[in-house]
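Just the one chain here, laid out as structure tokens, in the form predicted on its own.
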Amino acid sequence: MQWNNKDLEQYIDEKVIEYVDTLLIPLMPISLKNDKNLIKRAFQAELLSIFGNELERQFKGRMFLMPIYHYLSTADKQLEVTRLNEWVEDALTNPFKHVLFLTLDSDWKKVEAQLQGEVLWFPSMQSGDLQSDETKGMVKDQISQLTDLIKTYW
């Protein structure tokens, strides 16, 4: 389920039955300081969005995909941990049993123990063509691995 009218209406109807028990929060750093990094970050944001949407599609009815949580790449991670935990506290007023953070930023693994959820980090290409067969193959392989990993949390 995604952050849109149709899915939210369905979620509200079904949350009483507790089918949707997993919250997926994508994490994406941003910065406008370096032109070279702008292109890299834009590519990674597109990639993160593809991963989030595909995971939600595979686990539709069990997983709720939140909008991407953006933060400055230079931000203090401790402050971001506090903010993210506030998001989670708010979300846990609903019957979510599992919270997963999806990211390309390996720094989140360093603070994972402080988060109220599990960090799903995967290395990413720095740039490329999202429509190329090579990129599609890489995405498919990583989605398969993430799918298997998510199942271990249930």
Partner chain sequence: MSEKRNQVSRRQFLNYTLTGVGGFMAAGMLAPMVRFAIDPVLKTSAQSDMVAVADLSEISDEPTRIDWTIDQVDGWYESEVPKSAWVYKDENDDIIALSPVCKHLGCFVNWQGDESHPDQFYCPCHDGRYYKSGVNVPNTPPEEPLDEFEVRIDGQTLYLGQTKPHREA
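Residue numbers count along the first chain shown, from 1. As the structure is a computational prediction, the values presented were derived from the model and not from experiment.
What follows is about the form predicted in complex with the partner chain, which we do not show.
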Heavy atoms within 4.5 Å of the partner chain in the predicted complex: which stretch in 38 to 46, 96 to 104, 111 to 119, 83 to 91 meets that? 38 to 46
Does the partner chain come within 4.5 Å of any heavy atom of residue 27 in the predicted complex? no
Indicate whether the partner chain has at least one heavy atom within 4.5 Å of a heavy atom of residue 143 in the predicted complex. yes
Verify the contact flag for residue 67: yes if a non-hydrogen atom of it lies within 4.5 Å of a non-hydrogen atom of the partner chain in the predicted complex, no if not. yes
Can any non-hydrogen atom of residue 152 be found within 4.5 angstroms of the partner chain in the predicted complex? no
For the stretch 107 to 122, return the residues whose heavy atoms include at least one within 4.5 Å of the partner chain in the predicted complex, in the order they occur. none
